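Okay, so here's just one chain, in structure tokens, the form predicted on its own.
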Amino acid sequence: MTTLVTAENVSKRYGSVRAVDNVSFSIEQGKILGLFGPNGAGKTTLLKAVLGLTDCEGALSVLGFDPFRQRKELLRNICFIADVAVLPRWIRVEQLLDFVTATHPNFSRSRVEALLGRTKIRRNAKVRELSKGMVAQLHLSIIMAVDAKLLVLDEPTLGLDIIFRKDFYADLLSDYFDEERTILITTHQVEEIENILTDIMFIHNGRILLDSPMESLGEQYAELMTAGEAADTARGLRPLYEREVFGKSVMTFENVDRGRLANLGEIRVPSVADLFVAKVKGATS
């Protein structure tokens, strides 16, 4: 399998603060990776390094390029959608499509026209006349019309209604993603995307807490709902994190034999959101 992104002992300092602290990881081709972290965790800085927007210590390779020193070459095969619209508000849709057609060698005008044909976006409309949802549709249509190897999404549906968010990810899977492309997503709306992810990565205080395929979570983590004496017994197995729900204790365990939990309550694989909370709070307790 082809490795698109390789990071070895990557760090980034801002004065005395280490926004990214000696992280190492790889991202394979054909994966959809969810990168999650609390505010200030270092995920935005890490994304900037991957996109070549900032330099860093250590070794970082994206599509075989040094992203900071070879950004021009990198951008031919990478696309990025941020949490805020970056399209110029004064330009008309038709003019924007003309510009991208003339400047990006991997852009398909016929494909973007087909995608926009499924929306209500008028070609003579200026970007400032479009709703926030339409701007997002326009941006996504342009991105999906570029034959790129890596797509980076940073809170792409922030502030949009739930119907559009569902449609956004459905379109992403049906019209863009394939075994040749790779997607890196960061979002606080974890529950909405966990069903499309192949891999997850948690970052906190600049360090990676978890880097795992989704299919491996059930082997490594278990969530137990229990109460009374059984809860006391379960605590002896040193849960990663414990919370209370409707008077019962819900505990998250890491690398504990499920057989030891079987008679103590109800067992399930934790959701990505619950596991994220457990790993972050467990790391700070």
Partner chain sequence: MIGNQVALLKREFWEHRSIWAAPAAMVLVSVLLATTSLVVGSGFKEVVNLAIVGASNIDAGERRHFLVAVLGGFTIVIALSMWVLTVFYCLDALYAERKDKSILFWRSLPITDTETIVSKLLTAFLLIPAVSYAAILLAQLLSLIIMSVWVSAMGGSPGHLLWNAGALFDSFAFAFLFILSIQLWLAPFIGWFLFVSASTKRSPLLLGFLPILVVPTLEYMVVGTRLLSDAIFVRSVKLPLFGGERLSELIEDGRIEVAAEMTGILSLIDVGGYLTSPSLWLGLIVCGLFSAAAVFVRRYRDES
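Given the structure is predicted, the values throughout are model-derived calculations rather than measurements. Residue numbers count along the first chain shown, from 1.
Heads up, the form predicted in complex with its partner chain isn't pictured, but that's what we're talking about next.
Each of Y14, L75 and A102 comes within 4.5 Å of its partner chain in the predicted complex, counting any heavy atom. When you look in the predicted complex, the only residue of L96, A148, M201, V127 with a non-hydrogen atom within 4.5 Å of its partner chain is L96. Residue-level contacts in the predicted complex: of L160, A82, A114, M214, one residue has a heavy atom within 4.5 Å of its partner chain, and it is A82.
Heavy atoms within 4.5 Å of its partner chain in the predicted complex are found in one stretch of 239 to 247, 66 to 74, 22 to 30, 222 to 230, which is 66 to 74. Although the partner is absent here, K43 sits far enough away that none of its heavy atoms falls within 4.5 Å of its partner chain in the predicted complex. Contact between R165 and its partner chain in the predicted complex is not found at the 4.5 Å heavy atom cutoff.
Among heavy atoms of M134, none comes within 4.5 Å of its partner chain in the predicted complex. A residue is said to contact a partner when one of its heavy atoms sits within 4.5 Å of a partner heavy atom; A170 fails this definition for its partner chain in the predicted complex, lying far away.
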